[in-house]
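Below you'll find only one chain, the form predicted alone, shown as structure tokens.
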């Protein structure tokens, strides 16, 4: 699996990881989720992303089962809910997440989205967690440029490591300013929901046909073409859902090869980025 430095941290992280939103469910569903996550680790998808919000902590428990005995192989990420992002609340939330995950440390801890609490309060908690060894790096999620700038300014002794945002072929607004801002400051940018929602793009659409043609030329699948396109830039990572073994195996094939310039131009024409600033999209 292709890896690249995770922003200024220098940590080598696979460009394609594994998301855990909505992986909980029946005993059979959760067994398949654990199997998929473990298979993904075997395939090099060692960036595991979860959050206390997902399944009210159940996704963290499932991820904990998947990484049991393999903690040192993974780059483990979780997130604090904005409602828990006071100074003391963030400290307690991190402790609960660590317990559910069955580990003593996170590689990265994120504020899930902007909170009612002052960003300085949350970042102060993040710095304490770093200093005490419970997390390696602090980051944010669903933050636009001005919010990222405020989070950076709130940190006193450490640097902001990453920002996690929605990004797929139908939602490319971050390409106008946010990607550039983060690249210039060596802040890793992690994209969630890379395939969009509601079966986007439709195979019978003009864009779907463009992707299918590119996939055939490279001997790949449409999902692999999408993942390759979305991770083509330095400092960029993506975390498709790790729900079943088939999709996990397919996702792993999204890296380790390169689209041609004409492929990228064709995708740009079929799924154009906006020509004006748009509000940051999020789920």
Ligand code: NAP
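Positions refer to the first chain, counted from 1. Quantities reported herein were computed from a predicted structural model and do not represent experimental measurements.
Keep in mind that the form predicted in complex with the named molecule is not shown, yet the notes after this line are about it.
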Quiz item: Even though the named molecule is not shown here, does residue 60 get within 4.5 Å of it in the predicted bound form, heavy atoms only?
Solution: no
Quiz prompt | Touches the named molecule in the predicted bound form: residue 228 (any heavy atom, 4.5 Å) | solution = no
Quiz item: Do residue 75 and the named molecule come within 4.5 Å of each other in the predicted bound form, heavy atoms counted?
Solution: no
Quiz item: Looking in the predicted bound form, any heavy atom of residue 240 within 4.5 Å of the named molecule?
Solution: yes
Quiz item: Tell me, which of 232, 38, 218, 247 has a heavy atom within 4.5 angstroms of the named molecule in the predicted bound form?
Solution: 247
Practice problem: Let me know the one among 118, 213, 102, 196 whose heavy atoms come within 4.5 Å of the named molecule in the predicted bound form, would you? | Solution: 196
Exercise. Could you tell me which of 171-179, 139-147, 121-129, 86-94 sits within 4.5 Å of the named molecule in the predicted bound form, going by non-hydrogen atoms?
Key: 139-147
Practice problem: Give, in sequence order, every residue of 158-181 that has a heavy atom within 4.5 Å of the named molecule in the predicted bound form, or say none if there are no such residues. | Solution: 164
